[in-house]
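In structure tokens, the next block holds one chain alone, the form predicted alone.
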């Protein structure tokens, strides 16, 4: 049986430590990937509902107040979720449309996200009332809240 000498123990220990460090960084990278998936998924929910409502207001599809109100409710519910955990500091990448300004001006980004939530909530309440003109105005305000973030923080 071969004896493990002091010289062979050091490389084995180094390899063990290196493998631990690599698994930790992989776990960290996996968490960042999950955060990016979360934020992109939530953005898809916003897009799905905004597009459906916009298409109704533009006459691309028939306007149906109940369907519109359902989309407005879904948008309000989604915008009530916290999107901010989807933007950990180490999640900037070439695969994302998020600009570095998000992390440099995170307080402003957070304020703009809060404004989206308020606009979406107002849209949901207005859509429940059913007056199409007021609904259109509330939709425009919600769209502007979306664009305020995209204009400054999206590539």
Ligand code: HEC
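Positions refer to the first chain, counted from 1. Computed from a predicted model, the values in this text were never measured in an experiment.
Beyond what is shown, the protein has a form predicted together with this ligand; the following relates to that form.
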With a 4.5 Å heavy atom cut-off, would you call residue 63 a contact of this ligand in the model of the complex?
no
Is residue 68 near this ligand? Define near as a heavy atom within 4.5 Å, in the model of the complex.
no
Is there a heavy atom of residue 56 lying 4.5 Å or less from a heavy atom of this ligand in the model of the complex?
no
Can residue 72 be called a contact residue for this ligand in the model of the complex at 4.5 Å between heavy atoms?
no
Partner contacts in the model of the complex for 29-50 (non-hydrogen atom within 4.5 angstroms of this ligand):
36, 39, 40, 43, 44, 46, 47, 50
